[in-house]
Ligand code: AMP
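As a starting point, one isolated chain is supplied in structure tokens, in the form predicted alone.
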């Protein structure tokens, strides 16, 4: 029986651990540091780690040794970009699922990923590297059209580093604020049009095995894709815009060539790989790569996987992806993120969360925690911006999964707000609505 360690504290980590715990090969899932939901999950246990990168790396190495951890999965992008896999490999711990620092630049450095795609002739938005606000202003003036322009932070920005501008004037207004917040290195990119979708795969360093469900994330804060970008307000899958054949094609002709090019550079990539795609009139084009599973896309993806996920990841770690044959549930899953009022700006913490037991008593409904904590006297409380990912699965399809999701969010909102005597959560009302459009 194996012990699995999940590094991170969000809804993605909760979903990964929940799915791995279903394997008969897994004895326990340890979350470092986890959240209020992982703490009470079956086979789950939270372990505190230091918040500083250098000390947390040491804490995790000691934890792997003391607990005889069989498999470690790194959830968030920051520790990957900061070299946690390199550090653990250097300590002799090689069953760590995630890329080392060099290939993690695929997400951490937009310039790097753009160059790799250029070399491989992969379809993407035409872009220009800018190393100062002045250069960015010149690029915007030269590149912007009546269709607008896109500003992208070069480095990691927790999903909030992209600004889609409708006009030249808007871009010129936004660029100064953007560079002050995220730094002066920016990618000024052509604006693409169409529906976005996400493809996730598992890389063993040689090839990418796709999770054959396309997913669609909802980044903006408000209905109708309005408002500022967030880490993600909801996701669902499969997305009708991208069939299984499209997903396989992205994995075979985009993701696998990228992984193989990095290996040629001596930057072998093992771990989850995400391709953010846009279905344009010219066909699928890449918007970005991430070097980990997306959040909140991970939540519905885990609900859709039928196979033993621990066995799948173990084969990937052994370089035996050719032996993987994943099965998926029929139907669809929909995740609605319940966020603290004010997110992605300032928000209150410590507010009561109620109603979860009631909604989880309904067949097919699972609530994944992110910004939650267990309080000694108050019970479950809010502790972050994105608090819950209400994620039902229905074998009947997306319409039914979506209805379950919104029935559940209403119950939690009413119960929590009654306890607090004020509104606790904000959530979008249009998650998965595109899937229902003809």
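Note that the coordinates shown come from a computational prediction; the quantities given were computed from them, not determined experimentally. Positions refer to the first chain, counted from 1. Think of the rigid core as the biggest set of C-alphas that the two forms share within 1.5 Å after superposition.
What follows is about the form predicted together with the ligand, which we do not show.
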The single option of 270, 366, 105, 152 touching the ligand in the predicted bound form, heavy atom within 4.5 Å: 152
Partner-contacting position among 191, 95, 354, 91 - heavy atom within 4.5 Å of the ligand in the predicted bound form: 191
Option from 82-90, 158-166, 345-353, 130-138 whose residues, in the predicted bound form, bring a heavy atom within 4.5 Å of the ligand: 158-166
Contact test in the predicted bound form: residue 287 vs the ligand, heavy atoms, 4.5 Å: yes
Proximity of residue 254 to the ligand in the predicted bound form, heavy atoms at 4.5 Å: no
Residue 125 within 4.5 Å of the ligand in the predicted bound form, heavy atoms: yes
Partner proximity in the predicted bound form: residue 278 to the ligand, non-hydrogen atom cutoff 4.5 Å: yes
Residues within 4.5 Å of the ligand in the predicted bound form, restricted to 212-228 and counted by heavy atom: 219
C-alpha of residue 357 moved at least 2 Å between the shown form and the other one on rigid core: no
Residue 327: Cα shift of 2 Å or greater between the shown form and the other one (core-aligned): no
Large Cα move at residue 245 between the shown form and the other one, threshold 2 Å, rigid core: no
